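Heads up, the chain below is alone and in the form predicted on its own; it's given as structure tokens.
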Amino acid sequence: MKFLLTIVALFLLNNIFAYEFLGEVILDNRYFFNEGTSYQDKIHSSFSYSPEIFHEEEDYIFHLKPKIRKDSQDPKRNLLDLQEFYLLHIGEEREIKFGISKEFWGVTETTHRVDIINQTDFTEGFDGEEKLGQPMVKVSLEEEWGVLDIYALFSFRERQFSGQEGRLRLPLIIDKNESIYESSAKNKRTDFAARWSNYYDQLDIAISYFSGTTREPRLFPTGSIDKPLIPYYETIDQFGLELLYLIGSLAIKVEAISRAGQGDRFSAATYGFEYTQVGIFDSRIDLGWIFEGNHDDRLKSSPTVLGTRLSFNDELDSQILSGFIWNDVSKELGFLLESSRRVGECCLIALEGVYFEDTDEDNNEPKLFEAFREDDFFKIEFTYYL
């Protein structure tokens, strides 16, 4: 992998004056309504800086995007990561990408079952949307029968967890310095993945396969008060399916996986739809209705999500996304609100609110949100584009 990164660096130096320099600076402040279960502070702020260099020629694209984050309370949330550092060669029917990059798989809104290429950064948010850069070589073939992406993934990235002073974390601290691997190669193992995708009229379909170290470690106690939990990364094989079917304003979505290697083989799926009402009340505002259910063989029950998406279709790209998360067995309720609006050409303001409630405390079923019962919060985020 060092050889590949050297090639990318030499390409950059050879063309440095032809590059476009971009980037963003993000300031965010989270206010928690209650003191944390481990007596964490109510106010958490952070600063992020992501400079970006982009260059495109006739058959090459170069992209460099590091990310630096500094948190006011939790040192474990500080981050220095290469999100993108790759060279992409574009041919008529073939593309080759080598370097560090982020690849997204999936079609649903809430839980991305099939998205397994990149490691999750849980210090950024509990929804699992934020990812770390992954060293790779990717070959893409485009034929009449569809697009085939083949990956070789190098240098495994461990999952990021909050520290003692962090919020939205498990009650027990996770010590990633003591991580255990099933593979004798540990974090040096090379993983492999492939994904075929195509579309037929209103249907988009993708089938994927992954073989390598799981991105979702199991957590085991050590018996020590100072180091209560350690991550265990097993070797897995996973098959995935993505379906997106469009019927007018209705989008039907399915993500499903079958995984072996973490105990018995299990299956999990997220399924649902999004229906969009265009121009409600004779305005230019679109209202989308989102419903998604979940299933996981390992759990007695999984949450159901009902949400809305308001798109104002204005020059400032104003949007509001809201939703309820409900688990009928554990009797838990969660509410999420996200909104964003551009400020001129330079900036973006985003608001986020999260609320958790246990509607039946006498219910003895396992609680999915138990660790977050005191972590209701409101966040304001300001982004300045360079």
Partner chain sequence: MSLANVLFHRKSIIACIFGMLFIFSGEVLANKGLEIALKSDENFDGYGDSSSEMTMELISKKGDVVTRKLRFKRLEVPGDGDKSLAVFESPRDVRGVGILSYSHKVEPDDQWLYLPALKRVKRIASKNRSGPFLGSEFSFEDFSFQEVEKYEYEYLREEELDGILCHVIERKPLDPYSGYTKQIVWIDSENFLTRKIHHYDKKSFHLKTQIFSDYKIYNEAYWQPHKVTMINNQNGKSSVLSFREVKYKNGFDDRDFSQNSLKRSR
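Predicted, not measured: the structure shown is a model, and the values here were computed from it. Numbering follows the first chain given and starts at 1.
One more form of this protein exists, namely the form predicted together with the partner chain; it is left out here, but the text below deals with it.
- Heavy atoms within 4.5 Å of the partner chain in the predicted complex are found in exactly one of 261-269, 74-82, 278-286, 298-306, that being 278-286.
- The shortest heavy atom separation between Asp317 and the partner chain in the predicted complex is within 4.5 Å.
- Contact annotation for Trp145: none of its heavy atoms lies within 4.5 Å of the partner chain in the predicted complex.
- Taking non-hydrogen atoms only, Phe220 never approaches the partner chain to within 4.5 angstroms in the predicted complex.
- Put simply, Ser179 is far from the partner chain in the predicted complex: not one heavy atom of it is within 4.5 Å.
- A heavy atom within 4.5 Å of the partner chain in the predicted complex is found for one listed residue only; from Arg215, Arg113, Arg167, Lys97, this is Lys97.
- Of the listed positions (Gln119, Ser155, Asn313, Ser211), a single one reaches within 4.5 angstroms of the partner chain by any non-hydrogen atom in the predicted complex, namely Asn313.
- By the 4.5 Å heavy atom rule, the three marked residues Ser38, Pro231 and Ile257 all fail to count as contacting the partner chain in the predicted complex.
- Taking the partner chain as it sits in the predicted complex, the stretch 90-125 comes within 4.5 angstroms of it through a non-hydrogen atom at Ile90, Glu92, Glu93, Glu95, Lys97, Ser101, Lys102, Phe104, Gly106, Val107, Thr108, Glu109, His112.
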